[in-house]
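In structure tokens, the next block holds one chain alone, the form predicted on its own.
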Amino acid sequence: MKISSGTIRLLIPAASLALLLAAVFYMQPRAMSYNGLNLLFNLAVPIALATIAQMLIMSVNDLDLSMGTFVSFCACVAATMLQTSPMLGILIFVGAIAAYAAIGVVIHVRELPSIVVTLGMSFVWGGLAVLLLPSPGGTAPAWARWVMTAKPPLVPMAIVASIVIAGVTHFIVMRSSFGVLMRGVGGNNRSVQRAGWSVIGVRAGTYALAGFFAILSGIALVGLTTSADANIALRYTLLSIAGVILGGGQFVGGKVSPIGAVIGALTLTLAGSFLSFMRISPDWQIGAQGAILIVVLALRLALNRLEKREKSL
């Protein structure tokens, strides 16, 4: 039975997660428990949501370098406005989603590089975050804290939430008509336009959906940390890109995998949590996450070359 390239792209990140988890259990058998898994995957949900947001942007051949600062801004809104004035906080989030949609339209209409526009927006979001919360503080909304600290039976909340995120986004991206159009814009936007669909509308919807998931990431992060600051999620920009690539996604062509992206986020979270648990310096943690990404990409490249060689024979 021949295995498709899409299945291979999904099996590689799954295997890397399983191997890393096995290594963790071998070195720390006590981690093989409810509390141990909860500790290892504690920050998986906000990272997974940010990775999904980045994946949506990458599905239309763009890249968002403002993801980390935007999630930080959303965390500051959640810890301040959403707590003290819920309606105002919701209006700010709606405005942020509209701003994201507008960014997607401007990039397309003006034919601007997405990395330049989003890099500029990173300073805007960062400045707004500082205005909202000049110093670390704020309070997480009670409902966000309750959701993120819930203790379902058998497996921790982080794993349950990650499965739900993977399932919902898989349906949106791979099964819904909008997901087909979104990936079509990333693969060949002229074909989508010739079919009578609005490329601008699809891109605006994609960016808006990415903004929505990034907002959920900020709220989830505040629910875990109980407070926020303007720099709380700066690392999420690189982590989200790495999670998408680790999960089998590509920078061009509309080739993305929602399930793989969540698995990639879990792998990076596990690597960071385990190294923190082992009291390894944060500098080494970043290096270890990069090494995992390089190894998986090298393996994927080798398998792609093998597949092309088999086709040529």
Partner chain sequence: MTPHRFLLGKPWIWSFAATVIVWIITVLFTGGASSFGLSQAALTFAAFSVIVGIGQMFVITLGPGNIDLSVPATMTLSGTLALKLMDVQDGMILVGLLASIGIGLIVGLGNYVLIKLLRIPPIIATLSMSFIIQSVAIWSNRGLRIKPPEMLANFTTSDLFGIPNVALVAFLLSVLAWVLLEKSIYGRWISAIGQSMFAARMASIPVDGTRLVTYMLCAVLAALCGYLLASFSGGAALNMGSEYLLLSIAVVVIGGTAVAGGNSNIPGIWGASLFLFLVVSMLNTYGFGAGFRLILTGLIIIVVILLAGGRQSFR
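Numbering follows the first chain given and starts at 1. Fair warning: this is a prediction, and the values are worked out from it, not measured in the lab.
Although it is not shown, the form predicted in complex with the partner chain is what the next lines describe.
Chemist: Can you tell me whether residue 36 touches the partner chain? I mean in the model of the complex, with a 4.5 angstroms heavy atom cut-off.
Modeler: Contact check for residue 36: no, nothing within 4.5 Å of the partner chain in the model of the complex.
Chemist: Classify residue 131 as contacting or not contacting the partner chain in the model of the complex by the rule of any non-hydrogen atom within 4.5 angstroms, answering yes or no.
Modeler: Yes, residue 131 sits close enough to the partner chain in the model of the complex that at least one of its heavy atoms falls within 4.5 Å.
Chemist: Against the partner chain in the model of the complex, would residue 43 count as a contact residue? Criterion: heavy atoms within 4.5 Å.
Modeler: Because no heavy atom of residue 43 falls inside 4.5 Å of the partner chain in the model of the complex, the answer is no.
Chemist: Consider residue 146 of the chain shown here, and say whether it contacts the partner chain in the model of the complex, taking contact as heavy atoms within 4.5 Å.
Modeler: Residue 146 lies outside the contact set for the partner chain.
Chemist: Please state whether all three residues 172, 275 and 279 have a non-hydrogen atom within 4.5 angstroms of the partner chain in the model of the complex.
Modeler: No, the candidate spot makes no contact with the partner chain.
Chemist: Among 117-125, 90-98, 194-202, 213-221, which stretch has residues with heavy atoms no more than 4.5 Å from the partner chain in the model of the complex?
Modeler: This holds for exactly one stretch, 117-125.
Chemist: Which pick from 241, 233, 185, 140 sits with a heavy atom within 4.5 Å of the partner chain in the model of the complex?
Modeler: Going through each option in turn, the one that passes is 241.
Chemist: Taking the partner chain in the model of the complex as the reference, which of 23, 303, 291, 10 has a non-hydrogen atom within 4.5 Å?
Modeler: Flagged contact: 291.
Chemist: Going by the partner chain in the model of the complex, which residues of 100-117 come within 4.5 Å of it through any heavy atom?
Modeler: Sequence-ordered list: 106, 110, 111, 112, 113, 115, 116, 117.
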